[in-house]
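As structure tokens, one chain now follows by itself in the form predicted on its own.
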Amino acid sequence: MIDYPLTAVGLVNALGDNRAAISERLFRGDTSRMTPCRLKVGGETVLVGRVHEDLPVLGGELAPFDCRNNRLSAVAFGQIEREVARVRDTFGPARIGVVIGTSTAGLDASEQAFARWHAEGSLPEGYTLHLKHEMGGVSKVIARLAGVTGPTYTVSTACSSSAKVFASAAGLLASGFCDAVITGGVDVLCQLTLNGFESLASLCRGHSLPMSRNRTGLNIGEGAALFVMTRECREHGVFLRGVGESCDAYHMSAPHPEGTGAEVAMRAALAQADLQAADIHYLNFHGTGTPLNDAMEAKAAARVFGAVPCSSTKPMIGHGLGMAGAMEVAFCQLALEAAEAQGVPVPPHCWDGVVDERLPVLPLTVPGQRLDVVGPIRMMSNSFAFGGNNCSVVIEARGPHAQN
């Protein structure tokens, strides 16, 4: 069993650039901030989860790293900066690690640089591949923002990237290499991934409809979610309890139709947390809205849990790819931190309400729904990636957050 406090969370996505705005829109089920985007190849228009707010330019020593991906990281970091300063002052810079998940990194900056080179024969001034695009760049940026010098690296396993970072961060704490870790995920919208998913016939033309009979595909989104995880002993707060990983390797881009790898990941997370399925109060689906993913996840969730309140939050922000795992754990943490006497709010499942009779019946959440829980409150979030790379994360609230 692991039991590490998650002492701070910062996030930015299509719902907003601060916790208050994001929470309000999240629990209301607001899908209105999805925006049209024209694909570079083919010219089709699709909806994407673009961040609406202006992102501050990185200056000073971070200027060479400046790109949209790293600006997203800086916005999320600003929300955890005080807690980072506390753990840095408590343990020392060398005892604080950084583990970040991403799949695009600064790919959009490279797209822009290539377009400039193709049109004019020269790269933009200041463009450097290994600082703006290379996967490790984003972790370096966060380490520099934080002023820490502990182990710093990036995990990139497609759509499970920033779920798997919780296992990596927990490993650094358990091994004694670190006393605290800044962890999470970031990804930016770019044409390569948009057109890549279009070539796989995975993008829908309107809003994504997870679990619906009418589902045809996903929307893509961008954003960043960062946490501070420590190995301090605490009685109250939100804690990482378990991470389950599996790789069924069924197909390069399609999940196993029965969800065998997804089931293994969920059961492994429960086992590490020393919990039973009945101990989980809410499940955040991977829930992409593609025909194959939703079918296998519904089957796997029904086998593991039977019935548990569940939803996909991707219709509100798009599928964040490398940042999706961390973002959806962050949504669970927002819910846990909002627990009060009237219950625990849960993100609603946003869809058209058209039941797919081919799928197991699961209790999908609705706007305004609250959980009536006494004692510790536990939530699981699923992330499933290409190649059958699967990860499930369990977090728990105890103490004041869990009193109903």
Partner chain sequence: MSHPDSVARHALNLVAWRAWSAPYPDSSDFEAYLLGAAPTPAVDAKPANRDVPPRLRRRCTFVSRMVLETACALTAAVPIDLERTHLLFGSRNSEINILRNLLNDIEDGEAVSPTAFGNSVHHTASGYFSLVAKHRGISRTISANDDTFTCCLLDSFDLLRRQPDSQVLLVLAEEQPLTPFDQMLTCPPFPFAVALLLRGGEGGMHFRMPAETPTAVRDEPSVFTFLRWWLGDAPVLHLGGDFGGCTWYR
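This structure is a prediction, so every number in the text was calculated from the model and none was measured. Positions refer to the first chain, counted from 1.
There is another form of this protein, the form predicted in complex with its partner chain, and it is not shown here; the text below is about that form.
Though the partner is left out of this view, A302 does not reach within 4.5 Å of its partner chain in the model of the complex, counting heavy atoms only. Although the partner is absent from this view, R82 stays clear of its partner chain in the model of the complex, with no non-hydrogen atom inside 4.5 angstroms. Put simply, K40 is close to its partner chain in the model of the complex: some heavy atom of it is within 4.5 Å. Put simply, A158 is close to its partner chain in the model of the complex: some heavy atom of it is within 4.5 Å. Remark: all three candidate residues (G136, H251 and G387) come within 4.5 Å of its partner chain in the model of the complex, counting heavy atoms only. Residue G171 is the only one of P257, G171, G147, G306 with a heavy atom lying within 4.5 Å of its partner chain in the model of the complex. Among the residues A277, C247, L292, A271, the one placing a heavy atom within 4.5 Å of its partner chain in the model of the complex is C247.
Contact with its partner chain in the model of the complex, judged as any non-hydrogen atom within 4.5 angstroms, is confined among 208 to 216, 74 to 82, 122 to 130, 180 to 188 to 122 to 130.
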